[in-house]
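First comes one chain, alone, set out as structure tokens in the form predicted on its own.
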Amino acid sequence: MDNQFSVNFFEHTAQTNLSSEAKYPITIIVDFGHPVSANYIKRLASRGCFIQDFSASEKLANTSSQVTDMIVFIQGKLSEKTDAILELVKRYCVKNISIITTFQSHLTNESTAIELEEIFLSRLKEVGSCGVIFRCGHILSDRSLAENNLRRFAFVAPLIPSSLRSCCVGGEEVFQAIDAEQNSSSRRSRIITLLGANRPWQEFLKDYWSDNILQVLLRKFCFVLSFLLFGHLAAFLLNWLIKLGLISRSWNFDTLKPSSMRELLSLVNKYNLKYVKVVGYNNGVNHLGYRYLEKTVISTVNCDRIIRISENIIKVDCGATILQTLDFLKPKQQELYAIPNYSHICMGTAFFVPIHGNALDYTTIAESIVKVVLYDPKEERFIITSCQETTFQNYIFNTTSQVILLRLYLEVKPKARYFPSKVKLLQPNSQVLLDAFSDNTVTNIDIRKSKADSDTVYINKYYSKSQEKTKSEGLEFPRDSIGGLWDKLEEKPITSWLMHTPVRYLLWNIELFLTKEEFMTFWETHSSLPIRKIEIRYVKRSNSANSPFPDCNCIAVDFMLSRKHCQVIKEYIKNNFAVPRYHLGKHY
């Protein structure tokens, strides 16, 4: 790799607010073959900065100026340039250094590149410098390679499938972020990722369409070729080469999975926040078909450490799943207070949406959270709060807040065995079902109905002791065979795809939290509705104002229907319930 670079010194002589003793600040621009550096140099010149020849350090010592900042533009790997950069920092006694590189380190399966960046920042600290590394998406400016290629090949847009997508960020936006960090009173060494909007390449190419006759003719020719699926074949080949590691993933991606908390924090910063959506296991996209317009999905599944703090308290990273947590607790014969049917959900999700099982004492996982560690990217501050504090109550179940949950502390309980009993009822009224949740002899209970017009209802009760005379070992978890089947299907990519795809494109899954009176109304009127797989459970009220059930205990009614009937259900809910309480982790 060619490590040649150019160095330019810009003296800020246009500044008039300096005292008589103050020296004019100098910004050093170091270019390792990055075309965008020319745009930044042009920007400095437009602000009245003048290029000077201070290539020899003794020349700089004899002037009334001092180096305040160094901006380094790198095309390629930072790891191959670190020694040259450090030598410049030492020679000119640079205090603040900003390095513009690519977001490629987020796309590799290895953490080596990220570790090397962090080591480099530590080396800068040792010589008294503060370094900020900007990992940028494809930068768009009149000198950038990305923009030149988009303009040159804009005519191929009709050929490109909309599934191929990536991130592009405007050069001016990158420069503003650099300036903001340089002028920050709380500047510190860190890594900042600025991805830009995640859009299909087809849309980026269309932005550069022109009326040039040749471009128009080529565009029409590509439109005709698109019917022969040439673009789809090329996309298939591209994705295959990406999987083989022969081509960078930067040409086609919509999801990133940071491997550490540091990497997660570098992605979730005040500059990049509007371009990302932080999720857990990503069931919103995979299962429910959510779409986050022009945003890159940040899945936390690789931030999954679990540590025991005391006999009954564990510390769990946001990306650890319920299944991983249960496996961690198993050797100590412990379990969570609330266990849902489906275990491939990240624990961090439980702080923002009410993940519940069928228990009667602790009905949601959130009830067992004793403390959380949050991060506010806008304010750039950590928030550590316990369940007794007002701050905790303000953030729990608050899906509009932009804070990121990093870790949570959970109370766990000794492992129990569950002895099931199924009761079959024919055309029960709502009061019979409500009375079932008042049974103090059971630990867990759920009620199921196969479809709305069915006469048969099943009540599944789980006891802490066997109710039969014959010996039974009981169940490991209080759930039926359907829950176990979901977990098994999720384990393999093919069966997982078969499980999620019908729901994503064909079905609609709604869960309502109803008061007793509302449940009676629902039960009396639901039989004519086009719904199926009705599951009914009990949920205790929460003290949080953001909770869907802050004022009373509720009956959770979870049901499925065809997407073509979702408008019918919305009208029904609107006409029968004044203030619907939806589970925001499902369709609503």
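Start at 1 with the first residue shown and count on from there. This one's a predicted model, so the numbers in the text were calculated from it and none came from an experiment.
What comes next is about the form predicted together with a small molecule, which does not appear here.
Would you please decide whether Thr300 lies within 4.5 angstroms of the small molecule in the predicted bound form, comparing each non-hydrogen atom pair? Yes, contact at 4.5 Å.
Even though the small molecule is not shown here, does His34 get within 4.5 Å of it in the predicted bound form, heavy atoms only? Residue-level check for His34: no, no contact with the small molecule.
Residue contact check: Ile345 to the small molecule in the predicted bound form, 4.5 Å heavy atom: Heavy-atom contact with the small molecule at 4.5 Å: present for Ile345.
Thr441 versus the small molecule, in the predicted bound form: is there a non-hydrogen atom within 4.5 Å? Flag for Thr441 set to no.
Using a 4.5 Å cut on heavy atoms, which of Phe230, Tyr292, Tyr337, Tyr208 is close to the small molecule in the predicted bound form? Among Phe230, Tyr292, Tyr337, Tyr208, a heavy atom within 4.5 Å of the small molecule in the predicted bound form occurs only for Tyr292.
So which of Asn96, Gln324, Ser105, Asn283 reaches within 4.5 angstroms of the small molecule in the predicted bound form, heavy atom to heavy atom? It is Asn283 that has a heavy atom within 4.5 Å of the partner.
Could you tell me which of 164-172, 456-464, 306-314, 353-361 sits within 4.5 Å of the small molecule in the predicted bound form, going by non-hydrogen atoms? This holds for exactly one stretch, 353-361.
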